[in-house]
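Below, in structure tokens: the form predicted on its own, a single chain.
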């Protein structure tokens, strides 16, 4: 077992380059199955979830080699349509394999996915959309059996703009004859990146980033080299960490437009932020103003993946902030840990009422999910004394050695093996 030990009170200063997005790399890796050739993903993210997705591909028959941070995937011998249950129980993104396997082999077998315990995340929108394409689906004994032998292009309406459902239906439609249109799509930048990846392989997808996506079917996809977008959630986490501690940080290889909702709130809280074509510069003295009210929404609204981090920031603000979580009911699991540090937080259904305190105190904490775990690290950076955080494998799922990045910025944090 590993844990983090954080000595609080250090201001963050310096420059850091942000790597590829986990939430972009995972569907891109899954989508590569649709190519009967070789896919090279440049600067591929190196998180544990991404490693598990690569193992899923190997289980299907792919051959994977590495060249520094690049991943080369030979997909010419894909033969299996069954995803290893061992990995589907670990990562929710295993559900992304349904669309690509149906596109390549016209059938797929996937166990119900696992992932973080942040609330109910049903996959009914995925299955309803695939059924709209003519896929026959049987659910039994914890598995999803899909028969796509009669798939056809269609018009699909999503009852909610789900990122995963949008991506899965999009991928399943790429090689269908005719035109498929998906309405009420999610608009996240990672979906546009998936579109760009597919089109780089010869696909004809249009409209990603808007509420309507059209897919004109092609017969096959060819080999490609592709570099995914940078991770807006990691960038956002580090912006909040700088605001929490005070300091002066420049993040490179970032698209500020992808984090506009967060940047707006950070400016409201008293941070000075300058944005450029591919970098963000934040300066703050650590004196945080309450933003009053914040609600999570589908993109381009405030992201649920940065809610726990901002809640942590508000614990040391000069007022009271009401935070409403509209997407995942268990995002507030972190509050019991923050209470140990002296935070003043009251929960009412999906609402957290956060009253700022003058300081947090170091404590022994337990991470229960990916983003909540990163938020505890942020709290430890500000807290008086030492903070230890256990179960950090959750954090490793979406941050590659977060302690190294923060150390480069001047934090006092180390990974300890018990």
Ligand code: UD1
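Owing to the predicted nature of the structure, the values given are computational and were not obtained by experimental measurement. Positions refer to the first chain, counted from 1.
The protein also exists as the form predicted in complex with the named molecule; that form is not presented, and the subsequent description refers to it.
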Identify which of 93, 237, 315, 308 has a heavy atom within 4.5 Å of the named molecule in the model of the complex; exactly one of them does.
93
Note: exactly one of 177, 77, 124, 155 sits with a heavy atom within 4.5 Å of the named molecule in the model of the complex, namely 124
Is residue 304 one of the residues lying within 4.5 Å of the named molecule in the model of the complex, judged by heavy atom distances?
yes
Any chance residue 26 has a heavy atom within 4.5 Å of the named molecule in the model of the complex?
yes
Heavy atom to heavy atom, is residue 162 within 4.5 Å of the named molecule in the model of the complex?
yes
Indicate whether residue 72 is a 4.5 Å heavy atom neighbour of the named molecule in the model of the complex.
no
Given the named molecule in the model of the complex, answer whether the residues 42, 52 and 226 all have a heavy atom inside 4.5 Å of it.
no
The stretch from 193 to 201, 250 to 258, 325 to 333, 213 to 221 that lies within 4.5 Å of the named molecule in the model of the complex, judged by heavy atoms, is 325 to 333
Residue by residue through 202 to 229, tell me which have a non-hydrogen atom within 4.5 angstroms of the named molecule in the model of the complex.
none
